[in-house]
Ligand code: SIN
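Just the one chain here, laid out as structure tokens, in the form predicted on its own.
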């Protein structure tokens, strides 16, 4: 990639906090550096938001709430549609920026921009479909009227692994429903959100509807918002431990919460599965986003009759993938986000190997600079290996065998998480039995990709509460009011 293009894109991104429709320095003027995880070099510095900035952002959101809620749904939808078009017009710049700050290969970054923009198109259409109900009182004495209204000012906290799509998946329905927002992007990847805010401003978003406060001190910035009774909802994507703390804080004012938390996705391959498809889709389910995804296949439970062949073929595929900086030609696997994440992945692999696992491919860091880890396949996983219980969030595929359908389902459900599972079988009866028995919010049946803006996204157990995307996504930003009518 041309260095001049990288500089041009970085120079084009606003670096301040975005409050009441204007870019400004952080209160106090502090900044923090954004690192390229592929080179460990500093890309640029952005404003380091403070509690004062957070309150100013909520002031702006609260001031804009009533007028925005009263804006015709068609107008809100048309704004989202304009933003969708602008995002696609600038897809190359958005993708390059994302690759620079997050590390994913450029082709994947372009895919995320397309995927993220689709949330704006989808919710532009949902904005005009907010409805209520008019019905007769069962006694016949009156009528029952229900209506849906925006929840009010929201706090949206987005993660670093999908810095565009996790933002649009929250912002889209909030805008469509008539809610104003304060967005706190991840410390590692604020640039994508800052560019998105600029695009939304250019598309004509009224001042105060969207406010963005990047910061290195998340709890200091969000704490005052939770203490302020004007905030009415929080939506968070991230780890389960952090989600639990936020839910505790949300209890103070009984905020509406949407929590998309951790995952530990089982990938079940039965003896009658199409092995070609199972391997092909395993590459997608495991290696999308360098494995740094809550829906990434975390543990592969494969029938003992095909496990060796599956593992060998998966190792061959992963071993052939090119590792490098995401801007380089042909790179399929970029760096992990930072040193902490790479160390975690290495510790999980070392723990499994120490307990008897066999490394079929990879199993070690790559290179002298950047946070690269080799695509890895492990066989012979013991029951006490930590990576069967913890989310790996990296390019590591542990393969463990099972003998019976019951054993496979039991192993799949042996987790406090329940976000997504993948099932590969040619037997439709088995498929339906297993799908019903799995304790998850989503299932990929004979496919390794479930995410779709038109489908609801979310989990059960400690993987979260609420749903994003689909027809259900906008309901998270709406309250229902009942009116008793006397005729």
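Positions refer to the first chain, counted from 1. Everything numeric here is computed off the predicted structure, so don't read it as measured data.
Omitted from view is the form predicted in complex with succinic acid, to which the following refers.
Checklist entry - Is succinic acid close enough to 287, 322 and 327 in the model of the complex that each of the three has a heavy atom within 4.5 Å of it? => result Not one of the three qualifies.
Checklist entry - Which single stretch, out of 304-312, 290-298, 329-337, 212-220, brings residue heavy atoms within 4.5 Å of succinic acid in the model of the complex? => result So the stretch in question is 290-298.
Checklist entry - Considering succinic acid in the model of the complex, which of 264, 235, 161, 180 comes within 4.5 Å of it through any heavy atom? => result Answer to the contact question: 161.
Next on the checklist: Between 166, 100, 397, 175, only one gets a heavy atom within 4.5 angstroms of succinic acid in the model of the complex; which residue is that?
Outcome noted: Of 166, 100, 397, 175, the residue with a heavy atom within 4.5 Å of succinic acid in the model of the complex is 166.
Next on the checklist: Test of understanding: in the model of the complex, would residue 84 fall inside 4.5 Å of succinic acid by heavy atoms?
Outcome noted: Contact check for residue 84: no, nothing within 4.5 Å of succinic acid in the model of the complex.
Checklist entry - Is residue 62 close enough to succinic acid in the model of the complex to count, meaning some heavy atom within 4.5 Å? => result The answer is no: residue 62 has no heavy atom within 4.5 Å of succinic acid.
Checklist entry - Taking the shortest heavy atom distance, is residue 115 within 4.5 Å of succinic acid in the model of the complex? => result Yes - in the model of the complex, heavy atoms of residue 115 and succinic acid come within 4.5 Å of each other.
Checklist entry - Is residue 451 close enough to succinic acid in the model of the complex to count, meaning some heavy atom within 4.5 Å? => result Yes.
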